[in-house]
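What follows is a pair of forms of the same protein chain, given separately as structure tokens and numbered structure 1 and structure 2.
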Structure 1
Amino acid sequence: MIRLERRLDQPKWLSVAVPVGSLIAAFAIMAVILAVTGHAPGHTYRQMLEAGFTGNGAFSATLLSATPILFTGLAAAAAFRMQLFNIGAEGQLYLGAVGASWIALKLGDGDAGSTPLYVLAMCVAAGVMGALWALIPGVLRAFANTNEIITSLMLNYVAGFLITYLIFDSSSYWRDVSTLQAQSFPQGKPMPAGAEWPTFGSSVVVPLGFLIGLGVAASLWMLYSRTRFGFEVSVIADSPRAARYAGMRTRRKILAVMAISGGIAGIGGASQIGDFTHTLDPTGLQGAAFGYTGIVVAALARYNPFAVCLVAVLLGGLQNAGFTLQGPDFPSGLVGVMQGIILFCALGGELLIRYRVTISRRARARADTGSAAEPAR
């Protein structure tokens, strides 16, 4: 008979071993699915490893893919920590991209030396836009007690329509209408040269956005584990009632956490503009589903900011491999299926962290309870 006993203390090594074990389990399950659908799992995995990590320039491309999901992962982790399920990172990232491209276009062609100014302005504008977008579900949750899961998700669709409108269905500030070709095939204005974010390194190219993401992760860790604010957030997460009795202002915390979460996702949008697309590209943004992948990243990292960085690189590799390999050999949807299975395995593995699984024979279990009951009589 299998019994589950709640662990009184959770050993440190388990919180590393279980995610790693979950990953291995997920790859094993996926191998079965691949084999059943007529793909050779060994071959597919080797291809993925090469396209995602070991191939020529593969790791640089992976870091570029990891950057947006690092931000959305941190955004999800920041909110989920307080049991606040902001799944609107997708839309907050779009709005961030809108804000960042707006300010970059406003600043116009500066001299190349002013790039730090562009980076700063783009991050601030994007962060503000993302935070404001996230505050809609935040305010509704804090003051009308409306479920933030559904409202933040609905706003993803609205944000998607908004950026589509800006480029495809209006002659907005963001749309390029300078040439005849651009008028018939709608596209965003190209960013000024100064708004192209620098990269670092030569054999492995690290985009600036990724470094900013690491900085955000470190600040988030500081905020949540070294400040009074972070302490109150964790109390509210664990026991809202205790927090209320202790006089903590729950509403303010909801607003603050949503704004932080949305702001981080928004900066992810700025990094997409500065590091990657250099224009507002609604189709590319919406096709990538960065926000949803961020949830997978955060959950797999158990909402720990540093673990988010690692997991983002891992899933960035997966996404990059999926992007490079797409074709008849590599079924579409494989990346999403993998992400889902990894998350399922991580959720299942969570049980092993919280509970001790003991297997004992039914007869012995009975004898145990019998002898335990004896002295009581």
Structure 2
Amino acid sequence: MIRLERRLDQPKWLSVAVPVGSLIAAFAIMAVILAVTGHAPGHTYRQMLEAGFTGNGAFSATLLSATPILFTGLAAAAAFRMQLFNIGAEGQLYLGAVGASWIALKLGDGDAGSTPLYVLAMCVAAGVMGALWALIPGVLRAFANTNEIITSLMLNYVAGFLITYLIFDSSSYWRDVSTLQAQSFPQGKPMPAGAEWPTFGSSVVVPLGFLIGLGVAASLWMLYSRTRFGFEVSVIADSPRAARYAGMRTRRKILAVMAISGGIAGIGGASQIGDFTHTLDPTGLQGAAFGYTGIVVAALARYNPFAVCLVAVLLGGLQNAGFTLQGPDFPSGLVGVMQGIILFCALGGELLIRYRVTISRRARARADTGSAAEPAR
């Protein structure tokens, strides 16, 4: 008989061995899928490794792909640490992009020396917008006990319709209507030159947004592991009843954690504007699905901020390899399938961390013929 028994004591080595084992299992399952679809697994993995990490300029492209999912992964991890399942990082990133582009356009044209001002203003505006958007499901969870999974997920679609309306269905402040071509083919206003975030390095180009993401990861680790706030969040996550008995203000913590999560995702939207698109692009944002990929990152990293950075680079490399190798003999959908397999294996690994599998033999009871009940008279 196979049973799951909850672990009273979780060995530390499991927190490393299980995620690594989950990745190995995911690649093994993907190898079977590649073989069934007519792709040699070994050759395909070598191509993906070269296209995502070791090829000329591949790692720079991987860091570009990893930057937005680093922010959404940190946003998901920040909420999941308190058993708040914020699925709305996608929409919060959209609102962050709206806020960052608005403040950049308001600041107007500037020289290269004013770029730090743009970066700071864009991050603050994007963080505030993302936090406010995340507070909607946070308030509903704290005061109406509404499932935040449903509300945050539905708000993703609302945010998508909103940014589409701003660019395609209105003459809003964000839409470029300066030329006849722009009026006929809707597009966002281009950002000022000072709002273009710098990059660092020569052989490996590192975007500023990625460095900001590393700083956010370090700050998040300090907040959760070295402060009273982080201790109370851990207690509330483990035992809400014990937290209430100890006098911890659960509602305030729910609002604070959701705001932090949404603010991090919002800064990811600012990075999209400053590092990459330099304009509010609804089609590109919605097509990339950064928020949903961030959930995979957070789950595989087991909500550890530093592990989120590593997993974000890994999945960024997979995405970059998919874009590079995409063609008639390598459908880009295979990378999406691999991400899904990684997520399922990560969730399965989480189960093994919390529970141990035991196998026991259960003897079948045999009825004693001599003790059979007499028929009723």
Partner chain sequence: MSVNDSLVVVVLAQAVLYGTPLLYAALGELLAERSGVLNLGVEGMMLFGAAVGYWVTQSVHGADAPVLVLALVGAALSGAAMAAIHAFLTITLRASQIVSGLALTIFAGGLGLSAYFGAELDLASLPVTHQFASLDVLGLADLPVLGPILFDQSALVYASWVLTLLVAVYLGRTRWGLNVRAVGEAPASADAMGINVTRYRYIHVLVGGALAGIGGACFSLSIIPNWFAGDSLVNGAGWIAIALVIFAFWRPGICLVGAYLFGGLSALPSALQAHGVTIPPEFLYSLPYVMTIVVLVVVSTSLAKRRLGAPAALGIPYVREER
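Think of the rigid core as the biggest set of C-alphas that the two forms share within 1.5 Å after superposition. Residue positions are counted from 1 along structure 1's sequence. All values reported here derive from a predicted model rather than from experimental measurement.
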Sort out for me whether 1 or 2 is the form predicted together with the partner chain. 1
Is Leu325 one of the residues whose Cα moves 2 Å or more between structures 1 and 2, with the core superposed? yes
Cα shift between structures 1 and 2 at His43, which is computed once both forms share a superposed rigid core (Å): 2.9
